[in-house]
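Before any questions on binding or motion, here is one chain by itself as C-alpha cells, the form predicted alone.
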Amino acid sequence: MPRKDADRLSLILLMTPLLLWLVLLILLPHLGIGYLSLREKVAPRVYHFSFANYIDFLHEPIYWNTLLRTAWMSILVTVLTLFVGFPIAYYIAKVAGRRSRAALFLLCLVPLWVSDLVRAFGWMMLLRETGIVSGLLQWAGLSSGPVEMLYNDVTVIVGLVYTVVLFMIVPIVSTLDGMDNSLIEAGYNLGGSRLTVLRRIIVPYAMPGIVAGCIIVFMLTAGSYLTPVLLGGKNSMWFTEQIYDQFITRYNWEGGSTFGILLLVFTSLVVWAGLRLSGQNLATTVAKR
C-alpha cells in the first residue's frame, strides 16, 4: 500500500471514533430536540409545525426571568472562579517545582474523584442547620443557636465555584507553561511593579487560556442541575430545573426541547459576546488548548 494511502487510512481510523461521538451523541440529539421544539400539540397525538412553544416561552415572565437569572449567576460564578483559579494556575506554572506541581494538580483533581451528587451532599452536611459549620460556630460561642447556611444564592455560588474551578486552572496552566520566564524578568528589569508586570505581560499572554477557561466554566455552570437544586432548594430558580420540570414532571417534551434549545442559543450568544469583548476567537483559545 502506498504511503499516502496508508496515511489517509490511519487518519480515517483515528477520526472515526470522534466523528461517531460528535454525530451520535451531539448532532443527532440536538437535531431531535430542535425538531420537537417546533411541534405544537393540537390534539392527542396530533402535532403541527409551529413556533408556538417559543412564543409561549416569551409570554411567561417566570421562564425568561429564570433564564436571565441563570445567565447572570453563571457569569458571576465564572468571574469568581477566574479570581480563585488564576493565582493557583500561575503558582503551578511558574513558581512550584516539578514535584509540587504534581501534588497541586492532584489536589485540584480530588473533587472530580466523586460525583456531583456526592459533592453536593458533602456541602449539605457542612452547611445545614445541624451540620459541622453550625456546630463549630455554636461551640466557639459565635452563635447562640443552629445556623442554616443552605438554600440561598451564596451557597449555590460557592458550590458551583468549587465544582468547576479545575476547568479554569488547567487551560491557564497550559498557556502559562509556554511563557518564557525572561519576559517576566525583563518587565521587572525595566522598572515595572508586580501589578504592572501582571497587567501588561502575564495577563495578556495568558488571555487565550483565560478565555478558554471562562467558556468552559460558563457553559458547565449554566448547564448544571444537581448543585443549584440541592444547595439552593426551592429558591434555586435555575433554568435547568425548568427544563427538568417540563420533561419529567409535566411530560411536555415539546416545551422541554424548546427550553433546551433556548438555553443553548442564549449561552452561545453570551460566549460569542465574551469572545468579541476580549478580542479572542475559538481558534486561539479552545482549539489550541
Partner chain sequence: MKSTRAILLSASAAALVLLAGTGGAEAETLRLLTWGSYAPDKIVEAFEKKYPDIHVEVTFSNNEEMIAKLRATGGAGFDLAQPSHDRIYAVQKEYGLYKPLDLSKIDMSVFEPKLLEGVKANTTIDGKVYAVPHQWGTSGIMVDKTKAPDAKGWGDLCNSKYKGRTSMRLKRTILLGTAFSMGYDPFAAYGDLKKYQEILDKVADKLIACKDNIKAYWKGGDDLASLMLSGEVVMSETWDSTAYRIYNQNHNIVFVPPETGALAWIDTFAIPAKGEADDAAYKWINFVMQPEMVKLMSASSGAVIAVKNGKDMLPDDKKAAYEAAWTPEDVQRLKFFANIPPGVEDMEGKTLEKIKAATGG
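Only the largest set of C-alpha atoms that superpose within 1.5 Å between the two forms is called the rigid core. Fair warning: this is a prediction, and the values are worked out from it, not measured in the lab. Numbering follows the first chain given and starts at 1.
There is also a form predicted in complex with the partner chain; it is not shown, and the following applies to it.
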>> Quick one: Y90, V95 and S143 and the partner chain in the model of the complex, is every residue within 4.5 Å by at least one heavy atom?
In response: no
> At the 4.5 Å heavy atom threshold, is E148 in contact with the partner chain in the model of the complex?
Replying inline: yes
> Would W253 show up as a contact with the partner chain in the model of the complex if we use heavy atoms at 4.5 Å?
Replying inline: yes
> Do G232 and the partner chain share at least one heavy atom pair within 4.5 Å in the model of the complex?
Replying inline: yes
> Any chance R128 has a heavy atom within 4.5 Å of the partner chain in the model of the complex?
Replying inline: yes
>> I need to confirm a contact call. Of S236, N53, T240, S257, which residue comes within 4.5 Å of the partner chain in the model of the complex, counting heavy atoms only?
In response: S236
> Since exactly one of I157, A71, M124, V170 fits, which has a heavy atom within 4.5 Å of the partner chain in the model of the complex?
Replying inline: M124
>> For the interface check, one of 23 to 31, 216 to 224, 260 to 268, 44 to 52 should have non-hydrogen atoms within 4.5 Å of the partner chain in the model of the complex; which one?
In response: 44 to 52
> Even though the chain is shown alone, can you say which residues of 47 to 80 have a heavy atom within 4.5 Å of the partner chain in the model of the complex?
Replying inline: Y47, I62, Y63
> Once everything's superposed on the core, is L269 shifted 2 Å or more at the Cα between the shown form and the other one?
Replying inline: no
> Would you say G145 moves between the shown form and the other one, meaning its CA shifts by 2 Å or more once the core is fitted?
Replying inline: yes
